[in-house]
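Below you'll find only one chain, the form predicted on its own, shown as structure tokens.
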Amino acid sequence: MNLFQLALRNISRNAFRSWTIFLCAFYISGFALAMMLIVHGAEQSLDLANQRLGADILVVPNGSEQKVETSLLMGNPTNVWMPREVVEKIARLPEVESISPQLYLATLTNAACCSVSNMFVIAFDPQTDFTITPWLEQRLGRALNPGEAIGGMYVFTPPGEEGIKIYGTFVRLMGNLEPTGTGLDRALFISFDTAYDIARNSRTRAVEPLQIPDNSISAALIRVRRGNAAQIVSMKIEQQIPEVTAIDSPELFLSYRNQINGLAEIVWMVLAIALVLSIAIVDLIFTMAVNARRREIAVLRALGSTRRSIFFSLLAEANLLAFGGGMAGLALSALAVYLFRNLLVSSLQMPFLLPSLPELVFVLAIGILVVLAAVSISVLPPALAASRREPALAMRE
């Protein structure tokens, strides 16, 4: 009988011990993976959202900071307005390299004149834009024509339709941007000209017209000249234009970052406590099991088994259970996060991006190694004690 067969036989002989170790590994690995996917995915989403905006500073109307951040992260449409002359005032600042205005619009809820209910639509100025235009130049080789649009990852043309209908006007989807895990994945990007055309047409084609106030914008994206601190430029903008709030890039989505950091601290604390308790439980169970099997181990020693083989048979037994429990926990956790991603996003009010397949495989491998290491540490003392016990003394006990 080899080492593996001996370990399997011992596992099948003691269901309580085996299930306890299996479940400890199952819960630890599953909980750790789920929390890691959510926390790391949320951090990655915020970083990608910042990169998608591509701005050093975001300027919005006073009091609308939270609404705009929530719209960009969760895809909840919002309507906020400020005078377009704000762009001209900011552009005069010597520290500003470029500035580009945007309009935040929303389709009607459950109206026949819109293909998608309550959809977040972002209009940009092709003449000054530095977020969508580089992608268009790379993928399309040109700017958007009137009536054309670019969508987030999850935007698509309804089957059988010639385009996406917005307030009675069809816009043609020309492509999809890379995923960010945020509301930007469900947003539709159009040019200012297309937005104004839709607004004009909506007076006769839609249940309710699209209202865009004259000479108004929703937000302005700013790039600061090299050598200038975005935080100082933000303060200067707010001093000169009191009716706006300037958010520099590191401060953008700050409330969400704080929420993620708080969640991460709680998760790692709970995980550390659970890991310590699991190690203690497995150590106790194996100590009891080794004491109960001391005569069996003594017989094996008397028949020629070495201390090394006894030690590794006990270690193999624990690691087989840990591997099985860990793999089951990781697989079920990954499947649950994938299937219930939208429910988690809406419940936590926090976006997160699922990892790519190579990243997921790497995380799974790390998870299994951690579980095996934890179980090995807990089994080490009783396994060493059992392997060093003299056969003659064990037989007389």
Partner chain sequence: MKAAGVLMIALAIAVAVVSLVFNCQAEGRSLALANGTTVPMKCFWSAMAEIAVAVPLLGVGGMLALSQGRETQRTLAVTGGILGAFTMLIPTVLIGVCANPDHDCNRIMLPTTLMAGTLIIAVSLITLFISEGRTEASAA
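Everything numeric here is computed off the predicted structure, so don't read it as measured data. Residue numbers count along the first chain shown, from 1.
Not on display, but discussed next: the form predicted in complex with the partner chain.
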- Query: Can Leu354 be called a contact residue for the partner chain in the model of the complex at 4.5 Å between heavy atoms?
  - Reply: no
- Message: Under a 4.5 Å heavy atom criterion, is Ile366 part of the interface with the partner chain in the model of the complex?
- Response: no
- Query: Though only this chain appears here, would Val361 touch the partner chain in the model of the complex if you measure heavy atom gaps against 4.5 Å?
  - Reply: no
- Is there any non-hydrogen atom of Phe156 lying within 4.5 Å of the partner chain in the model of the complex? yes
- Is the partner chain in the model of the complex near all of Ala336, Leu339 and Asn342, within 4.5 Å of a heavy atom of each? yes
- Message: Given the stretches 28-36, 57-65, 328-336, 42-50, which is the single one in contact with the partner chain in the model of the complex, using a heavy atom cutoff of 4.5 Å?
- Response: 328-336
- Of Arg172, Arg186, Arg84, Arg205, the one that lies within 4.5 Å of the partner chain in the model of the complex (heavy atoms): Arg186
